[in-house]
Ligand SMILES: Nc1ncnc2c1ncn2[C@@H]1O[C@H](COP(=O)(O)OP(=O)(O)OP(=O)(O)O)[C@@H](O)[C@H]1O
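Just one chain is shown here, as structure tokens, and it is the form predicted on its own.
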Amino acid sequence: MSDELIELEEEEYTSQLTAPVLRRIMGLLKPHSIWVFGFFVTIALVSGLDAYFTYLNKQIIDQGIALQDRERVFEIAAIYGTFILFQAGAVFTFIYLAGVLGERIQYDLRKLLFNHLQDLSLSYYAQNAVGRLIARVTSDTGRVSDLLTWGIVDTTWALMNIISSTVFMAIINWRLALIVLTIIPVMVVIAIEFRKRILAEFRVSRRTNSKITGAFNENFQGVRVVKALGREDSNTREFQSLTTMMYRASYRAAWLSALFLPTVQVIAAIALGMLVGYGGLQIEAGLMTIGGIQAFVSYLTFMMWPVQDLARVYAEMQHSIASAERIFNLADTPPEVHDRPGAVPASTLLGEIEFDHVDFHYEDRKPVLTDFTLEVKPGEMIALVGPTGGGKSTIVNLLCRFYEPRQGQIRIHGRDYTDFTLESIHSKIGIVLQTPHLFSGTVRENIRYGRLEASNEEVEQAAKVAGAHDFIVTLEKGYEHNVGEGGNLLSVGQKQLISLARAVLARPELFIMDEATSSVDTLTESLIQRGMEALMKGRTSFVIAHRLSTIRRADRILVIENGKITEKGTHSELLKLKGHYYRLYTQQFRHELETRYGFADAVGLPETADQPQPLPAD
């Protein structure tokens, strides 16, 4: 497990149980109240019968064996056998109920968190590590589920055993029962203290182990740098320091674990000695029987395990409380972007789009867009170019309403787009990203992800429009070919074409292309370019591109620097300006010549031409 994930798992384990947290935790049981009731009844029955069986053993000794009454022995044995069958059924029932209840609670929590994560804005994901969110949905829900099932099983079983044993001991001899009861709190306190100290040492050991794993990983991956800089000795010393720390923590944990049980046994032995000594005096006085002494010894031994269970559950409860707090904190996090009261579905996005004096920042005092204004006509193709960090992707993110302006407005059809529901806006937008993401499954399933009700014929037609059909049919299973996790069985270009086909199938009214050709070869780029042109017909589109060859036909090209439009116009108009766009374009043209032919000076670079100079023949 990585160091980051260990830290995520271990954080906030010092949390204390508070009334609000306890109410919310117990509230998770409310939808399953019938199961919980049956759960408690069967546990109480099992623990009560355990104590009763010890009492029957006393009766066998005192009423059967001591008096040589064979009939009484058989009578008690018959009672014993009958109740054993009841207990077996109760054990099966409470284990079954605990298993089902645990799965239902875990299902409820994971469904709650997964659905809520779908609603959270991109800003939340930008501020929280993926490992943190995975830990919430997996390990944290598992811990809370275990607390509300097996934690309750162990706690209820332990308490019921102590209570039922105490009741039967009081029936036999209340004076001896008081002696035993004075020992139980001491055993519980000692057991809890041991568990807390052992847990603390194990936590240090786990954290150190994660650092050791990270050191291994860094040294293996960076072995060339380590050897080149002669870092072997210093790395060895650092590694030795970590392993020593882990050894000491593990040693202390092992030592405390080894000491724990003998300590509890010594205390129990002291109580047993007091019990036998005082019980012997009671026998001489005729106030106690041999069977009664044997029953007390059994009850005392029987109580040792519940005490240890209570200590273990107490230690684990701290983990579960911290997990519950993290789950509730996530569930209570409101989405930064959400539907406003009275929001209505947007009928179409094909109208005029207007950025009206928009300001935006991801972090306070670090503006990305400042007083940004732009008007886009229906069906217009807008290309965004400029240096990294200038604000191009932010413009697109705001347009898609993944984020909302801090100041100013974005209007569609002259109406503030926050008046429309998020679902109606997102359902009309198609996006192809620089790094395409495919889901595990077949090619057909990934294309159909854009419109789930689409027929096979529509899927294949979309692939043809996007230029993906020709390579898909060459795959081993064609459209039924599995793409692997994240599409890792396909090349970047193939994934990009499938992503484009997915956008085509979705029939978007607003199309976004975010540097989709920056990582593909020129042949794939031409296929994507043709697919883009087919998709953009009659649609408003925004294209972010570093390869300027893909945007020469844009209706307007905007150069974005420091959150502002510094140049705008068509391709030929911007070349005439000989500004940033001209320098960027000619630089790319020269680089292409040098890459393909090894020279550039012999060929005139474009100045005002709408098309680049033709390349020499091979």
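The numbering used is simple: start at 1 and walk along the sequence shown. Everything numeric in this text was worked out from a predicted model, so none of it was measured.
This next part talks about the form predicted together with the named molecule, which is not shown.
Using a 4.5 angstroms threshold between heavy atoms, residue 195 stays clear of the named molecule in the predicted bound form. Taking non-hydrogen atoms only, residue 390 approaches the named molecule to within 4.5 angstroms in the predicted bound form. Heavy atoms of residue 364 reach within 4.5 Å of the named molecule in the predicted bound form, making it an interface residue. Interface membership of residue 394, defined by any non-hydrogen atom within 4.5 Å of the named molecule in the predicted bound form, is confirmed.
Put simply, of 461, 166, 87, 434 only one has a heavy atom within 4.5 Å of the named molecule in the predicted bound form, and it is 434. Interface residue among 403, 479, 150, 302 relative to the named molecule in the predicted bound form, by the heavy atom within 4.5 Å criterion: 403. Heavy atoms within 4.5 Å of the named molecule in the predicted bound form are found in one stretch of 446-454, 492-500, 268-276, 380-388, which is 380-388. Contact annotation for 107-143: a single residue, 126, has a non-hydrogen atom within 4.5 angstroms of the named molecule in the predicted bound form.
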